[in-house]
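Okay, so here's just one chain, in structure tokens, the form predicted alone.
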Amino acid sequence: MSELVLKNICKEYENGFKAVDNFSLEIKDKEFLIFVGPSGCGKSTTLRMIAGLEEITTGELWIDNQFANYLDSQERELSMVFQSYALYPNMTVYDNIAFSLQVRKLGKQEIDKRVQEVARLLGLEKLLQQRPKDLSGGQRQRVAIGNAIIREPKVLLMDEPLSNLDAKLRGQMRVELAELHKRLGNTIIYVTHDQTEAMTLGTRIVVMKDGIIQQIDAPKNLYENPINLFVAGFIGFPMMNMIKARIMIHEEMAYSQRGRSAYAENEMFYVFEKNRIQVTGYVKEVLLEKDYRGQDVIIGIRPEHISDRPTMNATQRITGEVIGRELLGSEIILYFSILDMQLSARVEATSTAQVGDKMDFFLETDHFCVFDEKTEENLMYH
């Protein structure tokens, strides 16, 4: 079992700066947990407190039901992989992987057996006599991982391990790390500012801002059901479109065939930049229940839910001018403006839209998130 519990963890420095504030989390056995957020949000500091490299100011850390605040880092039975690889340049790959076992004075046969097993697992068998300077970035990172997992730690901690690699190698290493987690079956806590890594690797993701947890969720739900404006804007590329609007009710007079007048059912609309989009379904129910008539809100909609042609789901129309076009092979990202707003749409590669075109775009309103303008909370969150 490799379970960790953090209870109200805080990290405050002598100058009064609070890097982590009231961080509470239960990390399950065999979980691949990701800490993600912008630079300075406290994710690496939290990882270092778990590792024993930073003192915990207040709060409790429990590792497998053992109070761990004051345990030395080596007593916690954790291993850490750093951004900078942290390899000994004068040692071979074999000795870099074996070093922690040599320090513990394990027998040569046992060390050799475990080094060979790790080398096979990481595809390093033919590189064991090489030195770090002879290896590529991806190979060096594999050696660093090998040095960490050979100790058979309860938990593997990773602090932005892929940030020094180029885009191609990062993609390759993401696949390898996911496969490694399946094969080892251990608990991994992984820090990154790269949302692509977070979304593709994590079983759960912890989104942080200014030392505070914003949302903890599975990748799919985090993307589709963000709790607030920050999470919605941070997760996803291109980022979620944000449209400032006002909720308005319009009552229209209806006449029966007999000439008697009656009020039709109230119609609700988002009104922005001379556009009027009808509110329907579940979203309408929520806004009526919370009485948002006449209130300012921010509409959030992902680029994939905006089309350059009407579809069965995309029927509400707005008009904008194309100001940018990015061909991504199987799809195109169109950037368009509506007065002072810049939005984006993910459309099919067959689209003929060009920069400068004034054209209609169609929205899937069922996929709207609606945020309170003041609190920035997602009114649709559930």
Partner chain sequence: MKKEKSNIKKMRIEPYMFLIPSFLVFGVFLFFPFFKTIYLSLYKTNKMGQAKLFVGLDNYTTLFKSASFYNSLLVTLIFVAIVVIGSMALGLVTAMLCNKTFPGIRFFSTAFALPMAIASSSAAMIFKIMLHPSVGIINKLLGTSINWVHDPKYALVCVALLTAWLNSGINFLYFSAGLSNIDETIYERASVDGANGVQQFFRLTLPGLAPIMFYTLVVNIIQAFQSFGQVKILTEGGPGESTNLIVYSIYRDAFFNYRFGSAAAQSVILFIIIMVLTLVMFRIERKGVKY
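Positions refer to the first chain, counted from 1. Under this definition, the rigid core comprises the largest set of C-alpha atoms superposing within 1.5 Å between the forms. Predicted, not measured: the structure shown is a model, and the values here were computed from it.
The form predicted in complex with its partner chain exists for this protein as well; it is not shown, and the discussion that follows is about that form.
If you check its partner chain in the predicted bound form, you find a heavy atom from every one of 95, 100 and 104 within 4.5 Å. Shown without its partner, this chain lists 90, 136, 311, 196 as candidates; in the predicted bound form, only 90 has a non-hydrogen atom within 4.5 angstroms of its partner chain. Contact annotation: of the candidates 128, 227, 298, 86, the single residue with a non-hydrogen atom within 4.5 angstroms of its partner chain in the predicted bound form is 86. Residue 151 belongs to the set of residues with a heavy atom inside 4.5 Å of its partner chain in the predicted bound form. When contacts are judged by a 4.5 Å heavy atom cut-off, residue 53 counts as touching its partner chain in the predicted bound form. Taking the partner from the other structure, its partner chain in the predicted bound form has no heavy atom within 4.5 Å of any heavy atom of residue 221. Using a 4.5 angstroms threshold between heavy atoms, residue 292 stays clear of its partner chain in the predicted bound form.
Partner contacts here mean any heavy atom within 4.5 Å of its partner chain in the predicted bound form, and among 73-81, 170-178, 303-311, 273-281 they occur only in 73-81.
Comparing the forms between the shown form and the other one, the C-alpha position of residue 90 differs by 2 angstroms or more, with the core used for superposition.
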